[in-house]
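Consider the single chain below, provided in structure tokens and representing the form predicted on its own.
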Amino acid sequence: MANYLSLSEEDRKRMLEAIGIASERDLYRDVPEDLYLKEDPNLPSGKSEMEVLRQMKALAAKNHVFATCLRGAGAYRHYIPAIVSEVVGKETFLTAYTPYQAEISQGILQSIFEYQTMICELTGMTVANASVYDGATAAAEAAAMCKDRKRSKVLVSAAVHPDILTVMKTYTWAAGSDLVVVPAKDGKTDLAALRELADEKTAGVLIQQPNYYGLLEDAAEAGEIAHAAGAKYIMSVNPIAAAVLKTPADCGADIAVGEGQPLGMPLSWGGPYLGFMAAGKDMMRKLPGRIVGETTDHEGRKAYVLTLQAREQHIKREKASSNICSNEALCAMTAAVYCAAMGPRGIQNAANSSAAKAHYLAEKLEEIGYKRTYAGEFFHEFVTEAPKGAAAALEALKKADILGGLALDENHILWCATEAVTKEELDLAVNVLEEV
């Protein structure tokens, strides 16, 4: 896919001749005549490149990018090395082509293989797929993986991201499964309630680590409770935090999922993002989408192949456990390039710096009356009370070109700090709030 393709009238004529038709209308000759527009659609006239560029810049200028960002809640502003966009932006990779023919798709297959390998290293799991649409979709797909004839109930913590819960409700409703929300206590999953709810009908248990409120769950104990009931254990994890916390595998997870946006993808006003999925070997054949493997050809040369495709094209649709047929290939490659550029130490440094700055912000906010709502260990997000109301606090920060935390309600704010924010920016935010 090139950045610019010219097409003259002569080019157009030769293309039509090559496929044996006289005009573009012949491409639609099977469309009934009564479906064609009889009147001019009244579209505006075309513009020159300069005019279009001017209009697009005017539209883009309506967006505002804050100098400082103290908001997370599922999408995070991390530092992205310049090499990431430089590599991923090459025309060679800007294609939506699906690698059905492995022998001519070695480049894209290798990039997917490298991505899968890095996701396995982050999660500690045995195998990863080639990605799904986003973190919420990954969580819902993981729940579907756990279902069998005798078990169709899914338990999900109330402390997960609301978007995850919403998508899971949609999936389970459509599949005829039961979704039960495990209540939260003091900002974390109520493990006593989980133990009571987990029974012989439970197919899977899902918790988020760190959870929506930024707190670190007792993930290992949650896994023990799930397995004691004979259920599968799913962990939805932040990939940056995964570099310094116990891996899902260490916590006993059968499936690890998460939102891959922190791995080199800018906020981009909401997407596109990336859903990663990884599992143990026994769950490999239930992973949706595709899995790329490395092998050798008949001459002993390294080669990449589509090892597994659990896709509805190959089985009866009504028997498919998943109907996802695509993957976020360019986003997955972005994640792979980011991980390669940062390396294990770089991602760990980003995680440690994020945690340190978030704890510093929490301490400074505490000093001016913004008390933490929930006690306990947290990674880089935390909830505080807002003494004068969340709206007043966030409006004051906005005037200082600071995007404050997310208002959970009128009096509580979910804050976030990453390595991309400086101590001076944090101090400025605290000073603004102190004046409020």
Partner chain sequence: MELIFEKSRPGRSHAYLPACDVPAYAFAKEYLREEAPALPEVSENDLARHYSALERRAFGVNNGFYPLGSCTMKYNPKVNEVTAALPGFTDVHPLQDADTVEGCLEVLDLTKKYLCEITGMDAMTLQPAAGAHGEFTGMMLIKRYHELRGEGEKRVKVIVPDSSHGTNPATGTMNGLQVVSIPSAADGSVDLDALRAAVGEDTAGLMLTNPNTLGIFDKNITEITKIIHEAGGLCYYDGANLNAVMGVVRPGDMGFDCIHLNLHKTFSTPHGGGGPGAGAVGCKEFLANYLPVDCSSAICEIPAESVGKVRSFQGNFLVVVRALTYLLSLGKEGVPASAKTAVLNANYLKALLADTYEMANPGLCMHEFVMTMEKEHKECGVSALDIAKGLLDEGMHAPTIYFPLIVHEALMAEPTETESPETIEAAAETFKKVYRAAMADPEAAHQWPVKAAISRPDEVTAARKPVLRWVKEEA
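Between two forms, the rigid core is defined as the largest C-alpha subset superposing within 1.5 Å. Positions refer to the first chain, counted from 1. Remember, predicted model here, so these are calculated numbers, not experimental data.
This next part talks about the form predicted in complex with its partner chain, which is not shown.
A heavy atom within 4.5 Å of its partner chain in the model of the complex is found for one listed residue only; from Asn211, Ser157, Thr137, Asn238, this is Thr137.
The partner is not drawn, yet in the model of the complex one stretch among 149-157, 68-76, 225-233, 200-208 has residues with heavy atoms inside 4.5 Å of its partner chain: 68-76. Of the heavy atoms in Phe378, some are within 4.5 Å of its partner chain in the model of the complex. When its partner chain is considered in the model of the complex, Glu366 lies well away from it, no heavy atom lying within 4.5 Å. Residue contact check for Ala249: none of its heavy atoms lie within 4.5 Å of its partner chain in the model of the complex. Residue contact with its partner chain in the model of the complex: His412 places no heavy atom within 4.5 Å of it. Contact annotation for 41-75: residues with any non-hydrogen atom within 4.5 angstroms of its partner chain in the model of the complex are Pro41, Asn42, Leu43, Pro44, Ser45, Gly46, Lys47, Glu49, Val52, Leu53, Gln55, Met56, Lys57, Leu59, Ala60, Lys62, Asn63, His64, Val65, Phe66, Cys69, Arg71, Gly72, Ala73, Gly74, Ala75, listed in sequence order. If you fit the rigid core between the shown form and the other one, you'll see the Cα of Arg12 move by 2 angstroms or more.
Here Glu51 counts as shifted, since its C-alpha moves by at least 2 Å between the shown form and the other one after the core is aligned. When the rigid core is held fixed, the Cα atom of Ala420 travels less than 2 angstroms between the shown form and the other one.
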